[in-house]
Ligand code: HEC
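One chain is shown next in structure tokens, namely the form predicted on its own.
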């Protein structure tokens, strides 16, 4: 049997499978076993807290309806915001996966074709060592842009309008509308809408430079001049 071509091909196939299993499964496990997987609570950083508290300022009625009023005591308020931010992040991740956002948006900047000029620095393995990267959403299709550096790039107002009606901001966009995340208008997100906004603003927030786009230039804000 092993002297025939079919036998040689069979042995070679088994050998290549074993090699692939070792290089793609066993070796990475051994390399990163010293890096514990971070919990959602550990993922809350200053950039994300800013964005979550910003939601309370942009959508006060919706935010209060979803989470209530924060305590008056600053220390208690900080814990209150962290707890609700954690729950929003978990729910936002579930909604992102459930709505199939990852079908059209990858979350992995590859070291080819100057992708770092478009999306930010090339993705590193440590960025995926946390609960919110299960399942991993590297993705292969980019009907829309890669989102692993999306947080902080645009305001939550922009994101809310984009979820409510993508074509209002991007003519001809193939992205579907998500009106069920709002109580009738983009300035009235539900608790699910707020959660998805929190998740989107989390993506890339772990970088010190935030947002991390080399060619990104924020739109200047014009102030009204006073007239006598």
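Numbering follows the first chain given and starts at 1. What you are looking at is a predicted structure, and each value in this text was computed from that prediction instead of being measured.
Just so it is clear, the following notes concern the form predicted in complex with heme C, a form of the same protein that is not shown.
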Exercise. Is it the case that 166, 178 and 196 all touch heme C in the model of the complex, with a non-hydrogen atom of each within 4.5 angstroms?
Worked result: yes
Exercise. Quick one: is residue 81 in contact with heme C in the model of the complex, heavy atoms, 4.5 Å cut-off?
Worked result: no
For this session: Give a yes or no for residue 108: in the model of the complex, does one of its heavy atoms lie within 4.5 Å of a heavy atom belonging to heme C?
Result: no
Exercise. Though only this chain appears here, would residue 91 touch heme C in the model of the complex if you measure heavy atom gaps against 4.5 Å?
Worked result: no
For this session: Answer for residue 138 alone: is it within 4.5 Å of heme C in the model of the complex, judged on heavy atom distances?
Result: no
Exercise. Pick from 173, 190, 39, 45: which has a non-hydrogen atom within 4.5 Å of heme C in the model of the complex?
Worked result: 173
For this session: Mind telling me which stretch in 156-164, 182-190, 65-73, 51-59 gets its heavy atoms within 4.5 Å of heme C in the model of the complex?
Result: 156-164
Problem set entry | Residues within 4.5 Å of heme C in the model of the complex, restricted to 127-144 and counted by heavy atom | 143, 144
